[in-house]
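Only one chain comes next, encoded as structure tokens, the form predicted on its own.
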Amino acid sequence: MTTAVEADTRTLIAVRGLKKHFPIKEGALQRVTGHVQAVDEVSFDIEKGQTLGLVGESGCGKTTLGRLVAGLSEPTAGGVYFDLGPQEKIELDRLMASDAERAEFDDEHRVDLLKGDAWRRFRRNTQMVFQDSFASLNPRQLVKDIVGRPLRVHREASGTALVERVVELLEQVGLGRQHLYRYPHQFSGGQRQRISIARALALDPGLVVLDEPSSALDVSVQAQILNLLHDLQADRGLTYLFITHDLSVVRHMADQIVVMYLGRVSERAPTDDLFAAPRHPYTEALLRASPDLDADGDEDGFQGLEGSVPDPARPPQGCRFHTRCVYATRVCGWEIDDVVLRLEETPGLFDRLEDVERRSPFDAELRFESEQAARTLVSTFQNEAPEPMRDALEDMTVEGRTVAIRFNPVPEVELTSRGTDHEAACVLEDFGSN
């Protein structure tokens, strides 16, 4: 039996080593030629009654991670564990080193392995509010059927009792009985999102995954939805996974923040600590790019992010952010793909590249149409490549039409402690400490 003290300290969601890779298929036979690493080695905890904010640029894997946590998608590796007490969490961390020993624990707690009553318990205790409120509501159903469906599926109510429960839920989100017999297209965006929230609350869940719940709304309606979510959490003791790209929103809502970049966690910290002293260059860039978060408005000397998010099918080695980082050093993970990217940006030179023979991500031979093109690459690299990239180079040799290139190999940058409950994945150990 769970005691009151233990209930207050339970970890509702524990994510450990979570991966989700989508296959890339090509040709008439649809053979797998690679994988998009949408989520890669992600770990964090969501404590009961708290809000964890998940932030990052579009394409970083936030929504995919939210679907994994909600049990709507199966992981490639790792797992999402539901409702762990203090001792169970300690046991999970102890068992992570051994797949064989963890099998029994996984069957009882890992979301994608739950069956029978355990799965039904998770399903009714974990609900999701989607970003597109119109697409997530059946256009052919009345509001009373949309909100009442979870109650019917789990046999919580029927007939008149079901209608009254739906009315009660609608009133909690600022709607009422007069909205029962309307279709989704008859509501505004903010009202549709309120209907989605009412449906998510129908079974009195413990966890609600909120995927950009206010991003498609105007500012005044957005504030109403956020205040509604805040009030519902206070009244019902809800736990939120709040996914957003808006830092001003997450600052208002979250107790903890996880910053994602290209499928991995770049920084994790309590909200106040992260806004006061970000310990990763990507987090700093996100904060400086939001003027409303800068009370002083001092942007002198700040160079904004340049370029786009790299291909998640071929993520950069070392630190995944180094290709766009103004603080990059020689040990951040420069590789052959960085040279190829420079070729693509040089007019006419990439078209003269015939082949790339890779021995590793850091060691390859580039073959050109002519010796002149090969020497042009060397000259361009020496004159235009960033200084940290040139410093990371171990060898660049021209032999006829071939350029042999070798960089200093580096491992993937892992999260390391930067203070109490604060972690960052950056080779600059003292970044943001001043």
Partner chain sequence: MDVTERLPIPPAPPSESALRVRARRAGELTANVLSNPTTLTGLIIILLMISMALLAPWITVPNTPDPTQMPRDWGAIAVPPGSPGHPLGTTNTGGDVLYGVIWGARTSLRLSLIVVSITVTVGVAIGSLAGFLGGRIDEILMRIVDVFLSIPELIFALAIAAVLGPSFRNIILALAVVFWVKYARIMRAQVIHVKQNEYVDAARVIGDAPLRIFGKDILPNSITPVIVQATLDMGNIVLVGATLSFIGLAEAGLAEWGVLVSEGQAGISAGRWWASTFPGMMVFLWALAFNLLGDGLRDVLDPRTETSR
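Just so it is clear, the structure is predicted and the values come from calculations on it, not from any experiment. Residue numbers count along the first chain shown, from 1.
Form predicted together with the partner chain: not shown, discussed below.
Problem - 4.5 angstroms heavy atom contact with the partner chain in the predicted complex for residue 142 - result: Because a heavy atom of residue 142 falls inside 4.5 Å of the partner chain in the predicted complex, the answer is yes.
Practice task
Mark residue 153 yes when one of its heavy atoms lies within 4.5 Å of a heavy atom of the partner chain in the predicted complex, and no otherwise.
Solution key: Residue 153: yes, in contact with the partner chain in the predicted complex.
Exercise for the section: Answer for residue 326 alone: is it within 4.5 Å of the partner chain in the predicted complex, judged on heavy atom distances? Expected result: Residue 326: no contact with the partner chain in the predicted complex.
Problem - 4.5 Å heavy atom contact, residue 105 to the partner chain in the predicted complex - result: Because no heavy atom of residue 105 falls inside 4.5 Å of the partner chain in the predicted complex, the answer is no.
Handout entry: Candidate spot 72, 179 and 199, all three touching the partner chain in the predicted complex (heavy atom, 4.5 Å)
Key = Spot residues vs the partner chain: full contact, yes.
Exercise for the section: State the residue from 317, 239, 131, 244 whose non-hydrogen atoms include one within 4.5 Å of the partner chain in the predicted complex. Expected result: Only one listed residue qualifies here, and that residue is 131.
Exercise for the section: Heavy atoms, 4.5 Å, the partner chain in the predicted complex: which of 355 to 363, 88 to 96, 330 to 338, 119 to 127 makes the cut? Say which one. Expected result: Result of the contact check: 119 to 127.
Exercise for the section: Taking only heavy atoms into account, state which residues of 263 to 278 are within 4.5 Å of the partner chain in the predicted complex, ordered by sequence. Expected result: Counting only heavy atoms within 4.5 Å of the partner chain in the predicted complex, no residue of 263 to 278 makes contact.
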